[in-house]
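Next comes just one chain, in structure tokens: the form predicted on its own.
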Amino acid sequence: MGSIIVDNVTFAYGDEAGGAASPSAGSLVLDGVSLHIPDGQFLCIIGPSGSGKTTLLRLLLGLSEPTSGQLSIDGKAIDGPGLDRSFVFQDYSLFPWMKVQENVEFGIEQASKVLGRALGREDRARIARDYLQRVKMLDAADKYPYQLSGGMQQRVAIARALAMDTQILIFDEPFGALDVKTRRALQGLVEELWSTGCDRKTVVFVTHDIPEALLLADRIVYLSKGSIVADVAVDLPRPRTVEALERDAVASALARELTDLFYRDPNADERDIDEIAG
């Protein structure tokens, strides 16, 4: 199970002395955000820089606490970090002192302890190799992260997140710093692994890239200045490709609708506009 409830959540920065946060015009990051993300849904969150996207992910990961409101998973309040949620960030998040396979095995081991799975060393090694094979990184199993390109490191990070087999996956612009070719390959990989699994995970994926959101999402939420401005269903058949979506009338209409949100948003600047086309 992986149903997420975000119930009227507000987040504001505290004062310099570290006291309790009180919402003000300068400190308010999230302003009464409410979301229900059903089990198995792929949700993309878009919006301009500074809209609160990463803050919302930090709350879901239990790395920050809301000023008010509550976040819960399957009815249980999120009260801190947990290995029931795995994540991939833009900076790859690999342990530099561990080889590729060790990175993946470590994630599997930690998640298994928390989730009560009896996995021995051979089991962990087998699962790690399987997921490295899926992301086409098995040949690099004995290399260290510094020996890999950015795209290769991100493949390993994705393999580790998926191999942990948590019901919830959280991505914060994981492909934003990569070249177009590598980004498209990894988008296709994530979409394929998620959509073809017998037990679909719940995914929360932050991106600036509208084509990426349309490729991956069941649903797209537009966040601006800490509030949800739009909540759009993406009713497009899978599997999807960027090329097929470019020819699809429904996808094109959705792309225009989402693009218009950025153009009409007074909080979006030129950099945000430049990034949304992917």
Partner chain sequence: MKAIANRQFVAAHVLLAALVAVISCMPNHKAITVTYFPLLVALAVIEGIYLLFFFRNAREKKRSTGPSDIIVLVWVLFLVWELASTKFAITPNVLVPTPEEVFDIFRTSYPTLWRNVVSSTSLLVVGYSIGMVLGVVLGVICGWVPRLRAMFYPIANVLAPIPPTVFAPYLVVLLPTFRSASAVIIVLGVFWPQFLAMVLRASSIDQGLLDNARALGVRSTTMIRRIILPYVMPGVLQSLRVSLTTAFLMLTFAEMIGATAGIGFYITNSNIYANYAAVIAGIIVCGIVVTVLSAVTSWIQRRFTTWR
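Positions refer to the first chain, counted from 1. In this text, all values refer to a predicted model and were calculated from it rather than measured experimentally.
Although not depicted, the form predicted in complex with its partner chain is the subject of the following passage.
Checking Asp165, Asp74, Glu109, Glu192 for any heavy atom within 4.5 Å of its partner chain in the model of the complex turns up a single hit: Glu109. Contact with its partner chain in the model of the complex, defined as a heavy atom within 4.5 Å, holds for exactly one of Leu83, Ala177, Leu148, Leu138, namely Leu83.
The three residues His208, Ser227 and Arg271 each lack any heavy atom within 4.5 Å of its partner chain in the model of the complex. Contact annotation: Gln90 falls outside 4.5 Å of its partner chain in the model of the complex, judged by heavy atom distances.
With a 4.5 Å cutoff on heavy atoms, Arg238 does not count as touching its partner chain in the model of the complex; it lies far away. In the model of the complex, its partner chain lies farther than 4.5 Å from every heavy atom of Arg155. When its partner chain is considered in the model of the complex, Leu94 lines it closely, a heavy atom lying within 4.5 Å. Remark: of stretches 126-134, 200-208, 139-147, 182-190, the one touching its partner chain in the model of the complex is 139-147 (heavy atom within 4.5 Å). Along 48-66, these residues reach a heavy atom to within 4.5 Å of its partner chain in the model of the complex: Arg58, Leu61, Leu63.
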